[in-house]
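To begin, one chain is listed below as structure tokens, in the form predicted on its own.
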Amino acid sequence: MIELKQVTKTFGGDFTALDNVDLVIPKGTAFGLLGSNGAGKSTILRLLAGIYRQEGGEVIIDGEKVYDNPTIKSRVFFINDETIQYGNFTLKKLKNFYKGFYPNFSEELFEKLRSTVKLPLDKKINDFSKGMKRQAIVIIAIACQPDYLMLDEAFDGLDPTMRIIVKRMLVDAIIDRELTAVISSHNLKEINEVCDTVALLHQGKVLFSRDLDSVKGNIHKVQTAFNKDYTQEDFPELDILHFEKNQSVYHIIARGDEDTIRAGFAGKSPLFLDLIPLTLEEIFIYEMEVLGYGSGDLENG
């Protein structure tokens, strides 16, 4: 499994990208990293890939430190959010380049994936569309058969068809080989569809890390009405993130399981009480608004 233990990473001596971060990512998990720009998502991926070295703490995969460890690096594949570095390669040359670093590279799997999407072998990647470039590096990554795959903005700029194809490749690899995928994305819909566990980062700290069902089950949108007026302060037993009244109907976002939330309103004898599930995007926005971000400050893809 992946472990970050009190990890600190700084840049330029005055910017702290990660601040004493603790994080555990179990094997075989599709793990999503969420957060605004500069939260530390890409930094975590580069630490796990051994590209960066932390100033404090430990970055560990399967009990071994990652940085300057060729054995661990041969089991980890990192897909950057940029593909410009591959531009002068053909797909064939890129495949042969990575084969030298990944002993478990599968020609059979590579050809199966390549022929599925009909990518040309001898055309320069510079001449590929953005979606084709992303497909190419995902095919290479899966064919390398790493145990750990790091994807930075995996679905950025892909059209709907390309997204479906890339997601299918990833999900098949996760299921077939117990691949552990760590995915950073602003597209919360994609994270919701692919990942089973998520962590929310803010200013270099992990606010929470839990399975997606738990995240969704621990925050609710409440619509209710009463015979008299109330303010947020009238519900001290509830953890309320958002409180507004529109004519006679209250729209409230509250943390807690369904029974706890219903009990918090029961003493006020509501005329009706509806609990509505939130999307992952809505959860993210309300959690960040509590920290001082407005929805206009967030880029959700």
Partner chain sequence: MAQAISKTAEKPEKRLSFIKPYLKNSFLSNLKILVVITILDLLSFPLTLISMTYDIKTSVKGQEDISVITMFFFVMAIVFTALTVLAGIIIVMNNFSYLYKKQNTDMYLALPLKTSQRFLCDYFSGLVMYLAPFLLSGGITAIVSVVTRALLPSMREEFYGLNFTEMIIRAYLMVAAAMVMFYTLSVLVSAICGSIFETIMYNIMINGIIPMLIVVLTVVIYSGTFGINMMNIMLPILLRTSPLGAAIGFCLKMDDFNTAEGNLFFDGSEAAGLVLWLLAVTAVYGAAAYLLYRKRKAEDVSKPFVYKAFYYVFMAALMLGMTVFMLIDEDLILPLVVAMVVVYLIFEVVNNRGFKKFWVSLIRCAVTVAACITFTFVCKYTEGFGVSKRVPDANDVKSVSINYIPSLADETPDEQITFTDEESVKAVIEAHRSLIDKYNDLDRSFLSFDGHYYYGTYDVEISYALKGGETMERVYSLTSDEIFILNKLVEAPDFEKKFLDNIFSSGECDYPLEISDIINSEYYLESMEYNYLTRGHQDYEMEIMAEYAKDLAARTVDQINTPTEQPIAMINIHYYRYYIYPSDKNVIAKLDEMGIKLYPQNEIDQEFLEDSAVTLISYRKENAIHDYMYGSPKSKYVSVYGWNYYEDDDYETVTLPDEFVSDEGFRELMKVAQPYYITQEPVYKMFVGSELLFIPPQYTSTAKELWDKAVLAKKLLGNYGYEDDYYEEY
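Numbering follows the first chain given and starts at 1. The model shown is predicted, which means the values in this text are computed figures rather than measured ones.
A second form of this protein, the form predicted together with its partner chain, is not displayed here; the remarks below concern that form.
Novice: Does its partner chain get within 4.5 angstroms of any non-hydrogen atom of residue 161 in the model of the complex?
Specialist: Taking the distances in the model of the complex, the answer for residue 161 is no, it never comes within 4.5 Å of its partner chain.
Novice: Quick check on residue 68: any heavy atom within 4.5 Å of its partner chain in the model of the complex?
Specialist: Residue-level check for residue 68: yes, a contact with its partner chain.
Novice: Can you tell me whether residue 46 touches its partner chain? I mean in the model of the complex, with a 4.5 angstroms heavy atom cut-off.
Specialist: It does: once its partner chain is placed as it appears in the model of the complex, residue 46 has a heavy atom within 4.5 Å of it.
Novice: Does the 4.5 Å heavy atom contact test between residue 147 and its partner chain in the model of the complex come out positive?
Specialist: Close contact exists here: in the model of the complex, residue 147 approaches its partner chain to within 4.5 Å, heavy atoms only.
Novice: Tell me whether 265, 267 and 286, taken together, all sit within 4.5 Å of its partner chain in the model of the complex, counting heavy atoms only.
Specialist: So, no: the whole triplet misses its partner chain.
Novice: Go through 29-37, 53-61, 231-239, 251-259 and give me the stretch that gets within 4.5 Å of its partner chain in the model of the complex, heavy atoms only.
Specialist: That would be 53-61.
Novice: Which residue, 226, 102, 128, 110, is the contact with its partner chain in the model of the complex, using a 4.5 Å heavy atom cutoff?
Specialist: By the 4.5 Å criterion, the partner-contacting residue is 102.
Novice: Among the candidate residues 178, 172, 156, 196, which is the single one with a non-hydrogen atom no more than 4.5 Å from its partner chain in the model of the complex?
Specialist: Answer to the contact question: 178.
Novice: Looking at its partner chain in the model of the complex, which residues in 66-90 have at least one heavy atom within 4.5 Å of it?
Specialist: Those in contact are 67, 68, 70, 71, 73, 74, 75, 78, 80, 82, 84, 85, 86, 89.
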